[in-house]
Structures are given as structure tokens and as C-alpha cells.
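In the block that follows, a single chain appears as C-alpha cells, in the form predicted alone.
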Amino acid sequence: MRRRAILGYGAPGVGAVALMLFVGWWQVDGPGGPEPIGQRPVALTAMDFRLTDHEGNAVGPETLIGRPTMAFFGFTYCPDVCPTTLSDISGWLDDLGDEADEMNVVFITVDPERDTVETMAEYVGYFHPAIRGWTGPEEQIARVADGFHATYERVPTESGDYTMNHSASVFLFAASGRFVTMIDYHEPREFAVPKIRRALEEETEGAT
């Protein structure tokens, strides 16, 4: 699994300025800031889709209600973002210890043409055992992405094949199905894990 390097500080004066800029970014545009209302996923209770998990079981939004949920969109042919993020998620789950058993963790493909149930089963097997792979018909993937306000598109390559561009954030929902927050791509572990704990601590009442 790939691990990120921690950047060092420069001179004390430069470090102080950098810290102030970082705090401002964190509170306004960064992971500590609120997501714009129009970009927030709807509650899981308001979604309607039908997919299949990597073991062949039928799943939908109701599968996720009752336990906090961590969800990520991607595809198995993804060269970097997906394996990196799934490795990060695996590390976060290791940090949570027994608390990880209280969560739904789903990897939803945006490339159902290639990501069959069997392909998803093999792929998620390389990561933490709590991670479930979900696939299904293109129109159902589109319904899921619409509910999450996630984006994806098919991009042709020079070889005549294709790749996928897609949202790279991890979505967190409370056990009630209410959206809690997102974890940005490459967000440091010291910020990501507390966000997950926040979803774990949310009350199951008050779904919107």
C-alpha cells in the first residue's frame, strides 16, 4: 500500500504564515468548510436505486440505513486515484479498530461495462475486508451518482480504449441516512479519521 510523505516546515516565519493560510483555507474552502448546499448529496432515505454487491446480493439505499456509511465512486481499471483512496480507506478502518465493524463501506463503480460482479469481487479483495464493491446497470449507476451529486464521464484514450473521470471524494453518511460530510482526495489521516468518527457518533434520528 502506498503511503504519503509528510511535508516538513521551512523557516519559522514562513511556517507561521503558511499555518495562517492553511487555517483560512481549512475553514473556508478546505475540508473544514461547509459543502455548498447545491453540491451536498441528498439523504440516503431519499434515494432510489438497485445495484448488486460483489457477492451477488441485491442492494439499494435501504441496505445502508441503520449504520454509518462511507462511500466512494471509482472503477477497477483506475490507474491511481482509486487504489490510492481505497488504500487510504483501508488505513482509516485499521485506525478505527472494532469501530470499523459498525460501518457500511462501499466502493461504487462508474464503469459497469467492465466492472462485473466477479471483477469487483477480485478488486476489493486487495483492500480492507469491510469494503464492499457495488455494480449494476448503467442507468442505476447514474441514479446513484445523481443522488450523491457525484460526477463521472467516459474519456477515450489514444489507444482506442477509454478511461473514466470521476468524483474523488469519500462521502460520509450518518446511520439515519443523513449526509454528514466528505473526505477530500489525499486528505491527511489526522483530519479524515475524526470526520469518520463524527459520522459514527451521529444520532440515528433526524434524517432529511
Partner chain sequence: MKKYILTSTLAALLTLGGLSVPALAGPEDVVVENAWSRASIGMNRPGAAYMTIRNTGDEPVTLIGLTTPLAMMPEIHETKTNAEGVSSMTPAGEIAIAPGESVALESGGLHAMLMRLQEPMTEGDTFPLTLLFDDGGEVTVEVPILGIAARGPDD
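Small disclaimer: the values here were computed from a predicted structure and weren't measured. Positions refer to the first chain, counted from 1.
One more form of this protein, predicted in complex with its partner chain, exists but is not displayed; see below.
Enquirer: So, in the predicted bound form, is Arg197 in contact with its partner chain at a 4.5 angstroms heavy atom limit?
Expert: Judged by the heavy-atom cut-off of 4.5 Å, Arg197 is well away from its partner chain in the predicted bound form.
Enquirer: I'd like to know whether Glu102 contacts its partner chain in the predicted bound form, with contact meaning heavy atoms within 4.5 angstroms.
Expert: Contact with its partner chain, no.
Enquirer: Although its partner chain is absent from this view, report whether Pro79 comes within 4.5 Å of it in the predicted bound form, heavy atoms only.
Expert: Pro79: yes, in contact with its partner chain in the predicted bound form.
Enquirer: According to a 4.5 angstroms non-hydrogen atom cut-off, is Ser167 in contact with its partner chain in the predicted bound form?
Expert: The answer is yes: Ser167 has a heavy atom within 4.5 Å of its partner chain.
Enquirer: Please pick out the stretch from 137 to 145, 63 to 71, 50 to 58, 157 to 165 that is in contact with its partner chain in the predicted bound form, where contact means heavy atoms within 4.5 Å.
Expert: It is 157 to 165 that comes within 4.5 Å of the partner.
Enquirer: Go through 115 to 138 residue by residue and record those having a heavy atom within 4.5 Å of its partner chain in the predicted bound form; state none if no residue qualifies.
Expert: Stretch hits, in order: Thr119, Glu122, Tyr123, Tyr126, Phe127.
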